[in-house]
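Just one chain is shown here, as structure tokens, and it is the form predicted on its own.
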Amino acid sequence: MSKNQTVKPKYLSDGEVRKEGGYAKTIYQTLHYAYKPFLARIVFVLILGFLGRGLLLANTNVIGYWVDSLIGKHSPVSDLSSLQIIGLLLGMALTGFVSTMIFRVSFSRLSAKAISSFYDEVTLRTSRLPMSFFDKTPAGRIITRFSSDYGNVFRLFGGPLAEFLSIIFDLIMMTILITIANPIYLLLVVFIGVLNFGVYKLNQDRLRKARRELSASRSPSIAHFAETTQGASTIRSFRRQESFKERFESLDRYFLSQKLFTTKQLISFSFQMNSMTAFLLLITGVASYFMVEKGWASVGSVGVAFTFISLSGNTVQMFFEWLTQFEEAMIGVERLDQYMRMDIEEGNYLPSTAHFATGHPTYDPTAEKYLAHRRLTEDRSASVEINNLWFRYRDDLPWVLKNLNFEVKAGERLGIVGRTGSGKSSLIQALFHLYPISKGLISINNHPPKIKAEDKGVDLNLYRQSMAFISQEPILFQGTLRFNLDIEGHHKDESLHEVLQKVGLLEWVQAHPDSLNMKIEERGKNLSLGERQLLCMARCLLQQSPIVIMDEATSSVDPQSEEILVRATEEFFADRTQIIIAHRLSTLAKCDRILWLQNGEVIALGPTAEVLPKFKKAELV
């Protein structure tokens, strides 16, 4: 097999869900939710658009009547002068044009708002999916849903849908106007409509399948590209550029081949539709000749009918071609709807502002307002109780924490040590309930989070707000410095300046022209690691949570930043409960107690002066 031969990679879209056949009822339900708030205005502009297209097309009938009156045959415009008929035609054309433009602009804006609300709802629910979803799903697949798939949806529903509806209006009005001109011609229109529908149904499943496969084939190459850019330094260090390049080319070749296959299917469909249109014109010409010869139709009515049938043939073809594009947009809706209807994290709720009734648990507005102004405790510190804790990331994986039992007292500073893989970071994941707890109980001030409906406990988000977290890899977001410090926008500038002063960054911020509005790039790439970590510390101070957790926060920073972080544990958080995981054992010297973990089990828990030397000695063995 040649290197450039296109084959379907065995790792293509691993885990990607492919649908077969028609669309689920939930797809139409989702679109109903999206358009419902705008329904009254949409109905109004649809009526306006229909009347506008009718006025434009009815000009042909008026001209037909005018022709009949000129050759001496009585018609509805026989009593009008030529000047009056021209005025009527101009008035109808102008009114129809204005009505059509209002329809297209208004409908496109309303449709764009509806689809944007759908996008927002998908984003809202995706942000609350379980962590296991993000562990198993490649980033490229998620990006594809929110970029390519949404682009396909918005490209049609955001504007061109008005064009599609105009085509439908034209077909309806043409049918009415042809019937008015001469009912016999209606049989030809129905006949060609049936033929075109048959061609569409013949191609429908094949086109739908091709488009679904095309949508599914996008994400692997994007995921691989994202993986490559994130690990560029490692790939270069191990000189693996060629293998990553080959894999990307393999994925990209398959995507391009699928795109070419889909395009061929569309061209074949279009050719069949064009053939139907040509056949229609032939039938219409022959039929018109015999109808005039037999006296079944006037010259004017033949002109009207022939014009409309010619137009209707092209319009029917356009209708079914647009319908295939509509199918592409529907596949985008289908793929986004899949994310929107996934089960969200247990114990979490959607905000009361969620508009789509997807069956997910949603906050009652009164309860939501109450929780927004409530804290788990007003004390400066809180206790953490862990009882019979067993924890693993999935049911098919081994236990990473085994039967842990201990308590962190309010105001205590607990250091956690252990070799890599001992379960230190997994304990933090369990404390935040980022993954389901298999067995046991974790509580703060004897308040466990309420995960299941039958559980007793406090709201999960309220529980999590009681803990501030500073990780080894500081997380900053694209936006302003102000946003990164005060994500919820609750604090005044004075409070922000105060915490920046504590972490030694106030002068640096004030020296910047934009001060608190300085731009922070994605993941804080325009800042040093020390600056990012200190900003996370400042954010942590603003939270005023009774429990502060630090996971290897000083392992990669410079000595000056480390000094500030260590001082924070001794001064700024002196009255808080602190749980500290540290690579540098000197950082834990002033902890009240040390928890020593190994293979997910407690080896020792006691005063720092007793446990830390034992751990050091064990590490040297």
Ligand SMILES: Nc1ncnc2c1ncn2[C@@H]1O[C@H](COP(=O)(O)OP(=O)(O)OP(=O)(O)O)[C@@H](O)[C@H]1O
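Remember, it's a predicted structure, so these values are computed and weren't measured experimentally. One rule holds for the numbers: they count along the sequence shown, beginning at 1.
This next part talks about the form predicted together with the ligand, which is not shown.
Contact with the ligand in the predicted bound form, judged as any non-hydrogen atom within 4.5 angstroms, is confined among 159-167, 397-405, 502-510, 145-153 to 397-405. Although the partner is absent here, E378 is not a contact residue: none of its heavy atoms lies within 4.5 angstroms of the ligand in the predicted bound form.
Although the partner is absent from this view, D205 stays clear of the ligand in the predicted bound form, with no non-hydrogen atom inside 4.5 angstroms. The ligand is not shown here, but in the predicted bound form it comes within 4.5 Å of a heavy atom of G421. Proximity of D493 to the ligand in the predicted bound form falls outside the 4.5 Å heavy atom cutoff.
The partner is absent here; in the predicted bound form, the one residue of F269, F107, Y463, Y435 having a heavy atom within 4.5 Å of the ligand is Y435. Think of it this way: in the predicted bound form, the ligand has a heavy atom of just one of Y119, F197, Y393, Y339 within 4.5 Å, and the residue is Y393.
For a residue to qualify, one of its non-hydrogen atoms must sit within 4.5 Å of the ligand in the predicted bound form; none of R413, E473 and D592 qualifies.
For the stretch 133-152, the set of residues having any non-hydrogen atom within 4.5 angstroms of the ligand in the predicted bound form comprises only D135.
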